[in-house]
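Taken one at a time, structure 1 and structure 2 that follow are two forms of one protein chain, written as structure tokens.
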Structure 1
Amino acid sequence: MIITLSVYLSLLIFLVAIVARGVRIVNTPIHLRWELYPVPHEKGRSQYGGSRMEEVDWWTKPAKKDSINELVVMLKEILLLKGVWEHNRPLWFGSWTLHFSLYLLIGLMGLQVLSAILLLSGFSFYAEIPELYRLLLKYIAATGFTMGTVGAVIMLKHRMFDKKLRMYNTKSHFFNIIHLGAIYVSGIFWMIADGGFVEQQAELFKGVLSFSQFPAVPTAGIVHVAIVMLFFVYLPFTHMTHFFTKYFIYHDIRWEDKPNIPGGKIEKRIVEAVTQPVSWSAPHIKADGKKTWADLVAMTGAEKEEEV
């Protein structure tokens, strides 16, 4: 029962922390747009690096969106880590295996939720659930755990011996990689400790969905579940939240191209931003915690000299 309650508690902490972080991001002041082109949703222009700003009075004309191309660009970045491939190729394989293994295990969780629903509906795991489906679950798990272990080892090696990366290393970088590696390795041990891994995991999800007691699993399985639950609790408070914050970085900063129309929402948000008091400690900013950004911008060079 303690294990069952721990699972619910960790999931609750994860969901609350993620939602709170998302709400905080949405309510932050408007960000300075990059305005770098091409923008993938520019229909007919992104292929050659253009933008609708090429047209006279472009802001008065409706934007033509290409949602399909935007989705393709997003999928290339999410599934293939295209940016890492283009800008830091030696790091790509380790980073890709580490990330893609997570996608496989997330997919496994989704399929096991389906398995749990079938079990709750009265299906027998071995008699009525197709063998092909059970084999699919097994191979996804084995591939995900193996790829993840390889990726964790490679990324740990890069962090330890790559001179460029070592300049930016923090303790959290090593902890994150080791923690992910522990998830993958403990999953492998669970699979080899007992041939019933797939069924036991399905029963585990069944227990979670039905608020029933934790099923009997080998010690390796309990260790694996404990490490995963700790990861759920820890993840929202780390930079690994880029799995969803990247959406805001791309859509609100990198690809944001809505025109700032007088009296529009963007103008209102800009006014709110420039009327905020500035408390930056950098001496060249001349902030005192009372002056707003608008005040500082309006100050002349002579006035700034007097502030020194």
Structure 2
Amino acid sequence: MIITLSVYLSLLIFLVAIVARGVRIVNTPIHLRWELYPVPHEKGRSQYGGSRMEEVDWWTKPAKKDSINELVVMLKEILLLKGVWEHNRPLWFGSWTLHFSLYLLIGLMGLQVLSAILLLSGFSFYAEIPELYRLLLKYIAATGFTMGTVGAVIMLKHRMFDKKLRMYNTKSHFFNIIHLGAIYVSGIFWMIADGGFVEQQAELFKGVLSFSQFPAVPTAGIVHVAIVMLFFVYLPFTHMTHFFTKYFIYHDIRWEDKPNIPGGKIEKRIVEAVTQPVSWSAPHIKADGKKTWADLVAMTGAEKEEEV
């Protein structure tokens, strides 16, 4: 029961921490535009990095958005790590294997949730769930664990010996890689220890979904589950949250080219921001903790004390 409760607790910590982080980002005030081209939703222009500002009187013409291209660019970045491929080729293979193995394991978890629902609906794992499906799960797991192990070893090597990285490493970089590597290696051990890995994992998901007892699994399985749960607890407090904050970085900053239209939502948020008091202390700012941003912008910054 302790194991079952630990699983719930770790998932709860993960969800609460991730949601809190997301809320914190969403609740930041509107910022000045800071886009960076190419912006992939610029229809007909993103290939060379152009924008609608290339047209005379661009504000009188409707914005032409290419959402499909934006999606393609996102998929290439997520699935193939295109940025690393283009700008840091020596690191790409290790980084890609490490990331792609995670995608495989997330996919495996999704499928095992489905398995658990089938089991809870009364299906028998061996008699009624098709063998092809079971084999698919097995191969996804084996590929994911193997790729992940390879990726972790390569990344560890880079972190240890690559001069370019060395000065910027912190203890957490090594810990993160070893932690991920431990997930993959323990997964391999679980698969080797007992031929029933896929079924046991499905039973485990069934137990989690139905709030029931943790099923019988080999020691390697318990170790694997424990490491995975620790990772769930740890992840939201690291830079690895870029797995979801990257969405905000790209969509709210790098590709965010929405103009400020009179009466629009942006205008409303600007009013909120410029009516806040400012407290910067440099003499030219002229702030006193009461004057708002809008008040201070109306000054030149060169006023003498008696004029303020």
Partner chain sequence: MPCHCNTGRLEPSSIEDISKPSEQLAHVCLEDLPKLPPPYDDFNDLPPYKPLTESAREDYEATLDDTMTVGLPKAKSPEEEKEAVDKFLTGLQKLFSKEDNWTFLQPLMLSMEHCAKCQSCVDDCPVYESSGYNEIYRPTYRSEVLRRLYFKYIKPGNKWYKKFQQGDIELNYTLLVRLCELSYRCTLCRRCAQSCPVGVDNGLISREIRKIFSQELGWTQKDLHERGTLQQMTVGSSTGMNTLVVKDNIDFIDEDMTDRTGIEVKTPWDVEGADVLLIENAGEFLAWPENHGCIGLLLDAAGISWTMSSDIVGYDGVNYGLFYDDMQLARVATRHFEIAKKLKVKKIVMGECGHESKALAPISDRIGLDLTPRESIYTLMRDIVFSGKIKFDPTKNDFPVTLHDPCNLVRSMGIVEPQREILRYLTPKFREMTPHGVRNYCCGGGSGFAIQTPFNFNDWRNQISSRKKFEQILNAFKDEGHDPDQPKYVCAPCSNCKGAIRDLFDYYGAKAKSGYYYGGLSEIIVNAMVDAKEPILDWEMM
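These numbers come from a predicted model, not from an experiment. When a residue number appears, read it as a position in the sequence of structure 1, where counting begins at 1. Each form is matched to the other, and the largest set of C-alpha atoms that superpose within 1.5 Å is called the rigid core.
Which number, 1 or 2, marks the form predicted in complex with its partner chain?
Structure 2, not 1.
Spell out whether the Cα of residue 265 moves at least 2 Å between structure 1 and structure 2 when the two forms are superposed on their rigid core.
For residue 265, whose C-alpha is compared between structure 1 and structure 2 after core superposition, the shift is 2 Å or more.
Any chance the CA of residue 35 moves 2 angstroms or more between structure 1 and structure 2, core superposed?
Yes, residue 35 moves 2 Å or more.
Verify the C-alpha shift of residue 290 between structure 1 and structure 2: is it 2 Å or more after superposing the core?
Moves: yes, 2 Å or greater.
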